[in-house]
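As structure tokens, one chain now follows by itself in the form predicted alone.
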């Protein structure tokens, strides 16, 4: 962007809501997972030119209209709690932080809905509703920091509430979205699905109206199992009961959480859940829980309720052992959890890792594979980074798919969606013909699969040699690297 363009943008949002300070730009150039400078070079990533904090939908509209006219890339972001690179503004341009759109706009207990800004953290909405006797139909495990727009952009298909009410997209009554040309568009329930999981590549979600539900009486359960097999069988029975909350923790993760002060069982698999209902239905559901978990040991309602209170802390507690972590997320059918965990035991035998699952819809789980990492140990980090392609292979092998696309998983989209991928590209071209919205994400494959597979294979086998090559490449002008990448990749402006 030119200095004049930045000046024009400051007139749109106001001088207090724009910055080009290098520290601010660096802080808004990544997400949950670290991406060392050498890897940023290989992807040809530029820092954003400027960062804006629009305060309402009209300012979002004006920014996108300006960017579309000037052909400037725009990358919207919430709290950037994913680890796929979805929030990384790879093509520079404008990074748009939406946290100021954080109001609870309307609460209607009679008609049971709530309207919230896209930058509102989920935890604030949870607390607001529960204090008034209501609950959401779904929210993420990163609720204290994750924002409404960010989670819907990432797909919102697994989390608290999802096993009972279905994917959170089904809780959407309407969305207010700004399209790439600046038009403000209000969706109905079906049209909202166009933007759910689009990761900010089709427009900016600014406001969402959601169904809400009366908060019922709750009962909490927690079981541990002597074998993963027995635990997965119990899980397969439990999800059919449609609990509001259902999660598992494997022994590796439990052991590491105990290192940071938690008190988890050491058995191979732990299941924690919660069911709701009136007094009579709770009795019936509780008997069903006991039947499903008959091969496990009941650990008590109080410990289960404590784990419910800790449901947002697992990832961050694990990270304290870091200094950093990698989080690979795949979504698979429940019966595939046993072979997946067995295979991970072999693949990750030299790593410090653990798995937490969150129940999704239709009998699926989102398996979050946590692995400790330290980007300062460059060779070892490259080796760990190569597990990104391993996660994709495991997802396909176990009849599932990747949870989140972002920057790192675009090369799998064709194999994942088949002919539907072609239609997704047509939609992108129709809505965003100038390709300004979050380039090189979802349907724009920045690095072709053969190149990604070759790179990841070398990172696994000869990471030192790969690092040497990357450090040599760092002496080349970024423009030359981007030119080379542009001969094969997409979304490079």
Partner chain sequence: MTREELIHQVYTCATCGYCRFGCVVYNETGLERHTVRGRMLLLKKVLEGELPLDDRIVDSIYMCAQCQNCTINCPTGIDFVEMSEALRDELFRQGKIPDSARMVADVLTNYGNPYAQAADEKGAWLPSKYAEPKKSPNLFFVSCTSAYPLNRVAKSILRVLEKIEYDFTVLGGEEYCCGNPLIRLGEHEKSQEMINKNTENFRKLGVKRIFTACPGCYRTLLNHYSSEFKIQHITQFLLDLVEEGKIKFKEFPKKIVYFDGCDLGRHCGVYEEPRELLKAIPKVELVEFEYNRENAPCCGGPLLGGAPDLAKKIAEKTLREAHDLGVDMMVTSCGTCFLAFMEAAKVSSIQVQIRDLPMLLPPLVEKGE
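These numbers come from a predicted model, not from an experiment. Positions refer to the first chain, counted from 1. We call the rigid core the largest set of C-alpha positions that still match within 1.5 Å between the two forms.
Beyond what is shown, the protein has a form predicted together with its partner chain; the following relates to that form.
Just one listed stretch, out of 201-209, 156-164, 358-366, 98-106, contacts its partner chain in the model of the complex at the 4.5 Å heavy atom level, and that stretch is 98-106. Residue 141 is the only one of 135, 84, 192, 141 with a heavy atom lying within 4.5 Å of its partner chain in the model of the complex.
Put simply, of 436, 63, 45, 32 only one has a heavy atom within 4.5 Å of its partner chain in the model of the complex, and it is 32. Interface residue remark: residue 121 is counted as part of the site for its partner chain in the model of the complex, having a heavy atom within 4.5 Å. Residue contact with its partner chain in the model of the complex: residue 376 places a heavy atom within 4.5 Å of it. Put simply, residue 294 is far from its partner chain in the model of the complex: not one heavy atom of it is within 4.5 Å. Although the partner is absent here, residue 21 lies within 4.5 Å of its partner chain in the model of the complex, judged by heavy atoms. The partner is not shown here, but in the model of the complex the stretch 53-82 reaches within 4.5 angstroms of its partner chain through a heavy atom at 53, 78, 79, 80, 81.
Relative to the superposed core, residue 320 shifts its CA atom by 2 Å or more between the shown form and the other one.
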